[in-house]
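First comes one chain, alone, set out as structure tokens in the form predicted on its own.
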């Protein structure tokens, strides 16, 4: 019994950190969402649900939410598909494949600010690498102001986000592929199955747990892309890259309306929880075709 009590003490440091840096700030933010606090005054007034109503009716919040969904879907689709294809190509543990995996993983160790500066240079309309390459290969008609055109700016940033984390997702998919017994792939191959049939009916269903983790993690990443977007566009031009996190930042630290920002944060938390729940329901392995 004494040993069991001792084991429980090992949970205390982690629990204290969780309560201090997650539960307490969340409850404090919930409290401020019902006030008109400006972040600096010692006094505040309760305003009921006014902040929640104002956020729900704010057109910039609507635009930020729509941008966030476009950003999320773009990143999830590109990052998941590209990392899956590359994982299938690099699954064998040869020296070349291991080296390529390390090369693809390298951007992951960079800070988001550094990745943002790289993206800004890449997309620069005058001296950027992307337009220079397009001009050199005779595709100058595709050159664009990638971050200055409101119609494509959010997708341009999404491309950098996907590039920065593809290596991380490759590792997760490779780990999932290594967990599939080779004989399960060999049996349908001997029966005349082609590569697509083996992937569809054997590999993909068994890879579902890894795919669920990749998609869920990528989704949460795309909602937390504040630093990347702030470095590259600061939400512009014309709010075309404004997402929920940059909207909350602007409300709190530029407009000094912490009550409004706290209410938007609660909406933000609910949206992430809802999207993640729907994804896990849709990607449950027992619902995948077999």
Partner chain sequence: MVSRILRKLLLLMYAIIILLPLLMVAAATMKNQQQFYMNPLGLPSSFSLENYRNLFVDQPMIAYFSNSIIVSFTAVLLLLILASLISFGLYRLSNKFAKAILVLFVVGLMVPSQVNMIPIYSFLRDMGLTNSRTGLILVTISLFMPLSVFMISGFMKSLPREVFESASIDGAGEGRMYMQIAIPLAVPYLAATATFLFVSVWNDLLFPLLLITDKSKMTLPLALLQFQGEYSTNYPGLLTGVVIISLPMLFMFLFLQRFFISGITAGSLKG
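Everything numeric here is computed off the predicted structure, so don't read it as measured data. Here the rigid core means the biggest group of C-alpha atoms that line up within 1.5 Å when the two forms are laid on top of each other. Residue numbers count along the first chain shown, from 1.
The following text describes the form predicted in complex with its partner chain, which does not appear among the structures shown.
Trainee: Since only the chain is shown here, I'm wondering whether residue 241 would be in contact with its partner chain in the model of the complex (any heavy atom pair within 4.5 Å).
Mentor: Result no; residue 241 lies far from its partner chain in the model of the complex.
Trainee: With a 4.5 Å heavy atom cut-off, would you call residue 107 a contact of its partner chain in the model of the complex?
Mentor: Looking in the model of the complex, residue contacts with its partner chain include residue 107, since a heavy atom lies within 4.5 Å.
Trainee: Since only the chain is shown here, I'm wondering whether residue 253 would be in contact with its partner chain in the model of the complex (any heavy atom pair within 4.5 Å).
Mentor: Answer yes; at least one heavy atom of residue 253 falls within 4.5 Å of its partner chain in the model of the complex.
Trainee: Is residue 278 one of the residues lying within 4.5 Å of its partner chain in the model of the complex, judged by heavy atom distances?
Mentor: Output for residue 278 is no: heavy atoms all beyond 4.5 Å of its partner chain.
Trainee: Within 4.5 Å of its partner chain in the model of the complex, heavy atoms considered, which of 199, 155, 73, 163?
Mentor: So the residue touching its partner chain in the model of the complex, by this definition, is 163.
Trainee: Between 77, 206, 213, 187, only one gets a heavy atom within 4.5 angstroms of its partner chain in the model of the complex; which residue is that?
Mentor: None of the others qualify; the residue that does is 213.
Trainee: Non-hydrogen atoms within 4.5 angstroms of its partner chain in the model of the complex: do 50, 66 and 142 all have one?
Mentor: The answer is no; none of 50, 66 and 142 reaches its partner chain.
Trainee: From first to last in sequence, which residues of 213-235 have any non-hydrogen atom within 4.5 angstroms of its partner chain in the model of the complex?
Mentor: Residues within 4.5 Å: 213, 217, 224, 225, 226, 227, 230, 231, 234.
Trainee: Does the C-alpha of residue 54 move 2 Å or more between this form and the one not shown once the rigid core is lined up?
Mentor: Moves: no, less than 2 Å.
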